[in-house]
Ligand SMILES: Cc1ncc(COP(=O)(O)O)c(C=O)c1O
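Below, in structure tokens: the form predicted alone, a single chain.
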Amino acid sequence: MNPQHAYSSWAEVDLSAIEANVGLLVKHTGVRVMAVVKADGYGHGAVPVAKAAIRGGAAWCGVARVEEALELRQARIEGPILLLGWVPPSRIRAMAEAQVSIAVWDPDQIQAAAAAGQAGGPVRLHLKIDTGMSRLGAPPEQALELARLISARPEIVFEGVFTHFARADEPSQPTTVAQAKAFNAVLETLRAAGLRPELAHAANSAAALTRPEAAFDMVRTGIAIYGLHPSNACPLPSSFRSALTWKTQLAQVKTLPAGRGVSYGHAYVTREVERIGTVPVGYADGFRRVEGGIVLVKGRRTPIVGRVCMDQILVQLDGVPDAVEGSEVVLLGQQGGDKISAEEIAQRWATINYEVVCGIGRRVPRINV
């Protein structure tokens, strides 16, 4: 069914773009690629994205929550999964039963994992080292002690060790070099003690693209597999393709006289006779209540006028005289010869492209194409 006949607003996800982007990363890095599909696949749909990424050559999937890991397993995704965030101790056993690897960084977590392992099969652990992100993770000087605790327990599999770069998308900053140096020192300490696990990983999308020395045994790529730039300072190569297009349509077109207020508060008042279109999408769908918005209608940039409502926006159609009720409206993506990127929207909203796509609401159906 044509989504325009079924939905007020919808997002089309090009799974072939995701598959191709992962293939490019596999070729570029030469190591295992983890496709990070947390936050519902960055708003693209976790399960179809994971399947496309695996087709493209991804060896692992990465998530942030127990529920995200279980969603992939319930969808019969059988490859390795790493839960990168915190796991409530009461859910460690469930992760072990689902064969999901988990991150740890303190002795209590390791003891909880060992106890869960005694109740069933082995628990797979990745030791998280904080080399400068200052979020989750153990300080480097505790790495050896924690590795010994993990390795001493037969109920536990010491599968990996990892860190997270804080500023890899700022190539001119020395922070990433310092973090990589600290992580390399941890690996050398573990290697000397005979405790270096099979997998060491640190690089996110930006580092995977720009720092081959930080690839180690695996890279964890999120934003790049969706065809979105890690940052303005770290753009993707032109061979990557963005995967998501957010669409809606004109629900009504009317001609208003001069001096007519438009939308709540009449923040916009027509200056002359104007054609105004109502579009069925609003801030409840993740379209921010920010002034100065632009959409594409008939391939032409069309301004949003008046305040964004919960379920609707209004657009000024004088520049698109052939627009009629039912005409397709593109909020994010390409139409005709023009394109509104997630990066452009992020700049307008004073945020980042990650938040733009992750913020598209669940009531906007994802249509895989």
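In this text, residue numbers run from 1 along the sequence as written. Computed from a predicted structure; not experimentally measured.
What comes next is about the form predicted together with the ligand, which is not displayed.
Contact check for V36: a heavy atom falls within 4.5 Å of the ligand in the predicted bound form. The shortest heavy atom separation between I92 and the ligand in the predicted bound form exceeds 4.5 Å. Put simply, R135 is close to the ligand in the predicted bound form: some heavy atom of it is within 4.5 Å.
Taking the partner from the other structure, the ligand in the predicted bound form has no heavy atom within 4.5 Å of any heavy atom of G293. Between the ligand and the residues A116, V279, V186, I223, the one pair within 4.5 Å by heavy atoms in the predicted bound form involves I223. Out of the listed residues I150, A143, L84, M218, L84 is the one that sits within 4.5 Å of the ligand in the predicted bound form by at least one heavy atom. Proximity to the ligand in the predicted bound form, taken as heavy atoms within 4.5 Å, picks out 204-212 from the listed stretches 233-241, 175-183, 285-293, 204-212. If you check the ligand in the predicted bound form, you find no heavy atom from any of W246, R348 and R366 within 4.5 Å. Looking at 158-175, the one residue that comes within 4.5 Å of the ligand in the predicted bound form, counting any heavy atom, is H164.
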